[in-house]
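Alright, two takes on the same chain below, each alone as structure tokens: structure 1 and structure 2.
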Structure 1
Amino acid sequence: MSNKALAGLRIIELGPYVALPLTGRILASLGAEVIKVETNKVLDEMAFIPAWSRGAGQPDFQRLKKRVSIDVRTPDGLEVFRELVKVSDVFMTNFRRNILDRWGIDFPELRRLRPDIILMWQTGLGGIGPYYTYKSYGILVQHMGGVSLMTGEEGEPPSAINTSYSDYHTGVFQPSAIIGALMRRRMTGQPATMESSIFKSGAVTAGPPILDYQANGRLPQRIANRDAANAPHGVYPCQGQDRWCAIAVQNQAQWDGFRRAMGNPPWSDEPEFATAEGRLSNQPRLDALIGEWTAQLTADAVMERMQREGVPAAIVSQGDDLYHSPHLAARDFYRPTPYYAAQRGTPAWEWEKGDSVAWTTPARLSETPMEFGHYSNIGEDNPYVFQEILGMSESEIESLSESGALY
């Protein structure tokens, strides 16, 4: 008997970008058979963004999945999709309900086809409420969630984290909800319909400022890399191009260790730096003095000196630091994987195939392996899904392909 946590379960993933594919990737790594349906010739946009089309991004979100291509706008394509729903345990999507309804696969229809199916609807802002009709993307939702109000330099406008910040939270929350719904179904036989919001996933990370406002009527202030109660606290320039080391002194013992790591420079004995209050009041000069010292050393050297004295410190990693990290290598973090060089206007089967590496699922379970798996090209798994799962003949598949229902 398989010890994969989700072995024997089949999941349909219908939707692009980050949060939903990340959800599917996690579930697939736990042993579920995840079928990624790319429909209406609207492919996952992540395959066409240059920064993601090679190496980590493209394989990471799609590994282990069975990728099929169906045009549900055609009657025959819709029928194939419906047959796939009948033999699946979970359907998850980030398409809007009006689009699904237009395609003939809205939630009531899915429930009719498979009464006990688990439905996960990922939205931007929510399925009900004043904003439910609005379109959204993760990099915008972080502003609505309040994260950007706390991000940036003092006196400057709010600053965005240069990624779809809340998508990654959503992509972790959703597998937990789906696994919980599957457990409930196993115990009670009852299905579940769930709605997940990227907006809410981001808002929950702004908890302390909400509590601060409730308790004190105080709004968060942008203070860049500094801390409201501790100093020094920031990133400091080091030798090399755009090299930095983060240092955070949180108490008197760490301040004493910090001074030792720097060789007890004369200025560190000045009364204005003797207490946390004094250091907080004199941060511009303090940061400048620290920067003069760190600039003479590599970021790794600064980190090592600080940590030897018990001071929290870490290099600010660049891509090559992560790629060549001996620690990540020791943890078997990267593994070889194929990729396909996506090209707009070129059929997927003509895309150039190459070799790269991708990161493994960060969580490691002692009794339930988290699989790595390979990356499939668009439509590569059509024969397996249509023939072995749905029992279609080669002539049926060929006929549907010629009609445009499959592609």
Structure 2
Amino acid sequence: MSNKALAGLRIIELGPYVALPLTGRILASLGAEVIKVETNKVLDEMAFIPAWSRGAGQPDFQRLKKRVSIDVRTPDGLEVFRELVKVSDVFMTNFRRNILDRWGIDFPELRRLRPDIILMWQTGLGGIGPYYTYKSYGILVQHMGGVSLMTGEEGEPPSAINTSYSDYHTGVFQPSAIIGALMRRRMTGQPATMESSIFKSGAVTAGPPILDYQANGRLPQRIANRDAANAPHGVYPCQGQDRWCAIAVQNQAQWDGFRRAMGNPPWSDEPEFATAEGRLSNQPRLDALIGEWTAQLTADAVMERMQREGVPAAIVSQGDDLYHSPHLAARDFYRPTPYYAAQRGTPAWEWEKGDSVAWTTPARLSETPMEFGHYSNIGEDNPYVFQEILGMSESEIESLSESGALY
């Protein structure tokens, strides 16, 4: 018995950016054999992220995958890709229909090659339907799901997250759908084709406001860091540059704990702060008084004092905090990994190697732990995939590499 949950399943991943590679990473960590098909000729723009260390972020997205270089735009490359489809359980891609058409990748054709293959087709705005030709960038699609107009203060410009946020929803939705489809196939013999988009993944998480609008005709209000039912609730400035501690008092017992954590300052006895209603209607003054106290302490000290009294509180973590976090270290969350510094016009095997860190996994499975595993460079697994899986001869591989089909 293997201790990989998805042992024996083979998945082909064709596509760049964030969402699809994240799906592949999760499935690979769960034990599936994920074969990433890409080419040295057209690099994933994410290979250059972060800008200050090209490619150092890639081990999070691409680790544990078998990485092969196949240019599916060439007839020979497409043929090798088709052979791979015949021996795979899942094919997933995030290219739009016009691009797949141009390359001759056609879903019914893939079905004929491998009748029970599971297909996951992910796009930005939708693979079919009125927007199917539309271009999108993940960092902007977060605005389509409704969350931007629920973030920040009323009357201010829409707020955003300094990351390609809505990509991640999609990336983490897809593994469960794919595993479900594999189960279904085992039980019914039936394959499935699933179409997902970054837009839809964001809209699925629009949450209770979707129902509030329909039932009560109300659009969401932007309330920044405040809570509708209790106070104090927000971030408070602490010692240091841009240092903050978040505090969330939810009930009267926590208000009492909050006062104890501050050493029961006289102002906290004032009747206007005695009830949640009172605190909510005097929030600016309350927040100012708390801010005067927190400003004298470090964010860590505020958090610790609050938590000791049972009050939900946490530092607003920065990269520094996460990197040095004793808690994350105790859980072995970040681990060292090599990476390769991407360079345009140069094949990946010539890229310089460097040191980076990558996350292990937020989910710890007792019997089938999600693996951290090896990080391959582009094309590193060509011998394994072409020879061991497809049974190609060395001379055949060599000539197709030279012709550019397997470059």
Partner chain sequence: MTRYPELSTIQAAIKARDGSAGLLGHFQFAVLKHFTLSISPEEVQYIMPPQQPQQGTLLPPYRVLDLSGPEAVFCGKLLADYGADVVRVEPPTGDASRSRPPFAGDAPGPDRSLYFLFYNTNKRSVTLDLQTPRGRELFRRLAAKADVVLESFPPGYMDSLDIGYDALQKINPGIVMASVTPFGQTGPWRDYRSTDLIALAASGFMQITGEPDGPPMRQGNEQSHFPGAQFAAASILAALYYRDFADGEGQYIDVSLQEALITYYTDAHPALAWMQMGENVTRVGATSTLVIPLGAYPSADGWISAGIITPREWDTLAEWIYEVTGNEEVLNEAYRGGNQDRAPFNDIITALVIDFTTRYTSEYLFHEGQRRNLVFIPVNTVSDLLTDPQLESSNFWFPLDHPETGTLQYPLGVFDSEEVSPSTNPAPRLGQDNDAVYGNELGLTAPELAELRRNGVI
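Everything numeric in this text was worked out from a predicted model, so none of it was measured. Along the sequence of structure 1, residues get numbers from 1 upward. C-alpha atoms forming the largest set that superposes within 1.5 Å between two forms make up the rigid core.
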**OP:** Would you indicate whether the form predicted together with the partner chain is structure 1 or structure 2?
**Re:** 2
Original post:
Cα of N216 displaced 2 Å or more between structures 1 and 2, core superposed?
Top reply: yes
